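Let us start with two forms of the same protein chain, each given on its own as structure tokens and named structure 1 and structure 2.
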Structure 1
């Protein structure tokens, strides 16, 4: 056992005693074999070769340190072949030039693959250590140097490619497959070859082409046609890239088309006579507007250009609309026009401008601008609602009612003087509730909920109080008749609505002289009510009531007349007189002159409702007129409603009065805001107070800085605030 291990330890491998020497001509001979093989590969005779033997030969050359000889031989052999190929390509005529180049490129690639397989060992060991270019890359570089950059090929190749693109742009059909192969060859040779030898000149030529074409188009086309052509060209270029150019070229070529066809002509396009942006908006050209939006979106300042033109057009159109004296004659039509304009431009923004928020904001600011140019907008919007809630929404479904109310709310949001709207809305709601002329309580309540959501509880508390009063009045009347029916007998039936003074827009009015029959029932109700509710006071608002009267005309024709309280007072006089002068009626009823004239006008001058006749006959009422009961009155209806001739809009004095009431109501709100601000800030300068008060109150109205100053003075007088002794512009809060 020990002897065996001893023997193992002594075992040695020794080198050969004689030196092994290679044949001195080995490298040359082996290279000749490889060189011949490369020639055969380029001559398409590769099938005769033994690739295994060739690989072994190349392997041995590298192994025996002849890598340099092998590599330099390869470069020389390939260069020689490529020079022959260059001459062959140069000799190709006309359209065969690209085909020959493409064919030779395919052959070169195939040859390169085989050569790389044979020289794989050199690629793996010799090339990295000697910092040489790998075989495949070497083949591409040599092709680039000797073929693509050959003096007789480079310019010709570039011109041919650009000419084919130009021909395709002008409508010719070209061999896209061949183009794709050639541009792919340039890309395979490296991005710098593709860019320098094709892409840069392609972009320069394209810029010249589109600059000329855009100039030509803009001279002869309208805006819509020009945009179609620009869109088509843009799509063509993107399609061209997808078919035979590098994907990275797309952003560059589209940028050229955008600059030359759109950016350079934006102002001229939007302002083009008879076909520019304004004409498209007027004529609802959705497709053209959508095309303009998508094209202009691609260039800097494109969308802001459209937006600016649209805004100035809307403001001017709106200004004309709200100052048109003809339109102002009909408030309902006026508001309907505003809503139609809003619907029209909302549809344009959603359909053509991709519902772009910046365009929606521009539309909103434009509407806010011009709606507030007309200080009667709050009144007119309330009148529009009044019309809809009286009769306009009759038969409409709940969804349709909601749509109309939402549209009106949208206009309401634009109002700066929301408190003025509130004043009018309260007046109109009161008339609807008291006359029972509302389409539905649900619609009325829905509107109040919307106003409450928009402006808060304070805005709608009085409106909700009006509904409460109507319900309470109903219950009170049921109780009154239950307790007093025996005393009342067959006298006139009375329906009283008891209105809480603070909730309803009632104004002190001169009480008219009620007919004795009515006065008796009224006094009984007063006694009942004050007996039930102590500490309350009742004032009859005769200007707000209605009455149903049974009347008998000639030949026994009987009708039931639905009239106002004032009209009832007038008609009841004719029970004891056939004819009365205006002055006699005025003296007997004591109805205010303006109301009396309207009242007599509706009783004597409206065809089909003329239960009185007057002499002399005319549309207007004068103080010398005489009135007679019209025996000959007939109507196909048993019930005849005689409305009072009213001005739908307020008269100038009424308008001034409402404005004055609004201004008075604003004073405590401004003062409350000032006190709130000063209580939290303690010391503040004048300008900061004005800014803070405006910010707090702008949801209801925009306070006038002059009025704010007056309210500050008033608060100083009442010792809520004081001026700082050192700085007169500073105010201090006094606890």
Structure 2
């Protein structure tokens, strides 16, 4: 039938088309199988099912475009089951409610898993293309909608959970495992479910609870106990979270506790009478302070609150300390007190406040504030050092010495008027060196090094000069005696300390009349010295020397008296007279009145040292007194020390004088600073000069703006500066 030509032209083999039409009844049947399977799964009868068959059925349905039917059927079936479950859960009594819910949830998950496995093909192909929710998620959503948010369950669930928490907070033991499962369930259902159905109400209820509890505690507890309770609650909540809440809840609940228990009551706690921060500081309550620190650290402004209260307490305490007139009578005690306070608070900060730098700074600024309230602080600190270097550190090891000196340096750093300290330190050092009364040369040197490190070379160059002088004098004396021994013979032995003027504290030299024996040997020394050092000038400082005199009293008692030069002059007079009036002594020795009175007082009015007898026997020296050699003097010591060259707290007039000298010294320093500044800036307004000068001099002292103005005017008068002609608020440097 086919022509050959036709066949050759268009021979095509067509694909075998087998139209497989799933008839609707088949779809329905297949669905029924699956529906049945779902029922069985929910009824825990899954073991009898064939996974492979069910999978194939689902596959076929989807393949033959019955995905919609499958899906909506799934939804309907699940929903029906869930409604049944809901009723079952609702009917549970009391405590069994949660258990049932938990149980059913576990079941549902198992079921869901199986269902999803069966319907996996649908999940992968039908669901995405038709933008439906995947099976697993669908299962969760349906659970949410029909169980959790079921009207009879939702509120009850929330109340049950919160009630359990409340019970646990008040001391009951609850089933934590069950709680964990429930909260995990809520998390699985979506974090918004967890938050809305549980977390938010939980936080609100907790806030209420802690608000009430904190109010209750604060009425009846002292600060320390309250903080302990707060800490306990905080720890409890954190533990709660770790056991049965979602981890993200931790920071939320802790901030609730922090706010309710700490932040809202901060002021009241800190200022609590008898147990607040100040009391803790006073009583060194390290634990309580440490607890307060770590708790307050959690809340805004917490640490700054502690810091502020501590600062104002310290300032007030310090102010009281430095203005306490009783304490001021003993400078060494005064400084020791300050050191003790510093130690105490250092320890508090390192033990309880975690060495927090901001607290250290607050401590430092408080000390700086009150130390400078008393303008004798520099003098007293120097006296303290004098006491330590003279005798206090006797026998101490090198480390101990360093520790003490370093602590004093801390106080020194707080001083505003460091130049006043320098003046006193120089005076006291001079006395120590000249009387040979220093506990350790190394300690002295160490102190100088510390001052140099702190203040620079200029501060200590003169002090070092003093040490050099002492050494040089020693060498000079050796040489003197080596060369002159023949000529000196039996004269008194001389020990001269040659002080370079300028390095040593200046004191007005009032020469007195030296006894002839002394004069001779002094002249010999002068000749010797000027022989080797021509061009120099020597002036005897009779107010600073000492002498050892051999004295014979009644019954042949011999003693060696160690006295000051002035005292020696007085005593030697009694070699040629048994009694002398004050006036006679004054005239013969030419010792200045104030010094003469002081030295006569120590010779005649001090028990155990009264080598002179005074008539009348009154305590004070008057110009009408008469003095007699005290034949009856006795002492158990062979060597008796009567010298008065010890550093002591200055009397009021002396203090005024020193301060005046300090003020005088400051003037050239201020002027030098002004000139330096103007030289580089050329033109400057008044306030800027004051600010710059203050900045430049702050390591030594705090200049008074009025004094600065006066210096500027003096410089204008001497034509170093002028007022600018155009703008008279400015100053101009004149080259």
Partner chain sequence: MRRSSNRKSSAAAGSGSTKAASKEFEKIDHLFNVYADKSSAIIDPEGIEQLCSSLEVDYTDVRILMLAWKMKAQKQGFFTLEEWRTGLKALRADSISKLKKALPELVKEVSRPTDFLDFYSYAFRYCLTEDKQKCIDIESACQLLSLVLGTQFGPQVDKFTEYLKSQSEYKVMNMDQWMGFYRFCNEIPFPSLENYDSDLAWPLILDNFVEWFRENQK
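Just so we're on the same page, rigid core means the largest C-alpha set that superposes within 1.5 Å between forms. Numbering follows the first chain given and starts at 1. What you see is a predicted model, and the numbers here were worked out from it, not measured in a lab.
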ask   = Which one here is the form predicted on its own?
value = 1
Residue 598 C-alpha shift between the two structures of 2 Å or more, rigid core reference = yes
ask   = For residue 407, is the C-alpha shift between the two structures 2 Å or more after core superposition?
value = no
key: Threshold 2 Å Cα movement between the two structures at residue 141, rigid core reference   = no
Rigid-core-superposed Cα shift at residue 554 between the two structures, Å = 4.2
ask   = To one decimal place, what C-alpha displacement in Å is found for residue 609 between the two structures with the rigid core superposed?
value = 3.3
